[in-house]
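Next comes just one chain, in structure tokens: the form predicted on its own.
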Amino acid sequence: MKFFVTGGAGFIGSHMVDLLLKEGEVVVYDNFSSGKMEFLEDAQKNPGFTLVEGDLLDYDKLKEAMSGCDWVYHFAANPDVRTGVKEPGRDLEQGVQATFNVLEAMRANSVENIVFSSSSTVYGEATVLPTPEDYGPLVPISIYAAAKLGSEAFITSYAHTFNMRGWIFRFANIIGTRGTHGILVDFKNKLENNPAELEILGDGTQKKSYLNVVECVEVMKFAVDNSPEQVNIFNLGSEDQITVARIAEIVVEELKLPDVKLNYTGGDRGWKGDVPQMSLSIEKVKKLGWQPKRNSEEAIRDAFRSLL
């Protein structure tokens, strides 16, 4: 079996690469806009590993690199929701256009299977919590989310039009080793600069679900192996939520900093497009036999310790 992993040098993608190398050959395709070579340090020791440095917008190079592969795991995208406010075109190019190019390269190379990393943000501000996969209508409130939903639509349409199969995973907040951005990295950097104060975006009541990255890639592979429909859509997350204020407390506890002043910027969300309340129903993937090993707080503590 030969796997093609876009964004394989990134946070989640590199963990999937490590897992897939246990089952076959892996070709990583990455432009290193956010990925890091150090994340592939172990993978590069495996004789079944190949690295191609390239951009998904370079269709000819992408098509050539994918030749001979059996599966595509598509992680490459703009990783930061917040950039859409200043650079809306970035998500269009790195999300929708990049996914379209991947699907076209698959068609040219007769690759039938694609696994896609989507996001809970496609649900927008859902009125049903925990939110199931069949919730609708889907009304994204960020450019990032719109790009994820657009990519989902292309994948499902290609699956039905060209007899492909797709697995779409809508992630909660994924955290853990090799994390490069997000709330834990943000808090860590701020407290390193000023151990006496911590700026917290919003009012601290934002409440979300968190999942460890190793668990994330393991359950992805588990679901792929156990859900053979033409299009398979799964939520991935934990079964609880944790507030931003509580995460700040955990970070301060782990750093053992005394008397840190918490400064809230105010408002019910951290930035334009931020969904203040997110909880995913994971009953569908649980019915396959999977159960999360950690709750959100345990995942947060483990992830922050790995950052240190």
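What you see is a predicted model, and the numbers here were worked out from it, not measured in a lab. Numbering starts at 1 and follows the sequence shown.
FYI, the form predicted in complex with a small molecule isn't displayed, but the following is about it.
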| query | finding |
| --- | --- |
| Heavy atom contact within 4.5 Å of the small molecule in the model of the complex, the stretch among 222 to 230, 156 to 164, 195 to 203, 179 to 187 | 179 to 187 |
| 4.5 angstroms heavy atom contact with the small molecule in the model of the complex for F32 | yes |
| Close approach of F75 to the small molecule in the model of the complex, 4.5 Å, heavy atom | yes |
| Touches the small molecule in the model of the complex: I174 (any heavy atom, 4.5 Å) | yes |
| The small molecule contact at S151 in the model of the complex, heavy atom, 4.5 Å | no |
| Three-residue site V17, N212 and V217 fully in contact with the small molecule in the model of the complex at 4.5 Å by heavy atom | no |
| Residue (of G48, G54, P276, G273) lying close to the small molecule in the model of the complex, criterion heavy atoms within 4.5 Å | G54 |
| Among the candidates S142, S119, T131, S238, the residue which, in the model of the complex, approaches the small molecule to within 4.5 Å (heavy atoms) | S119 |
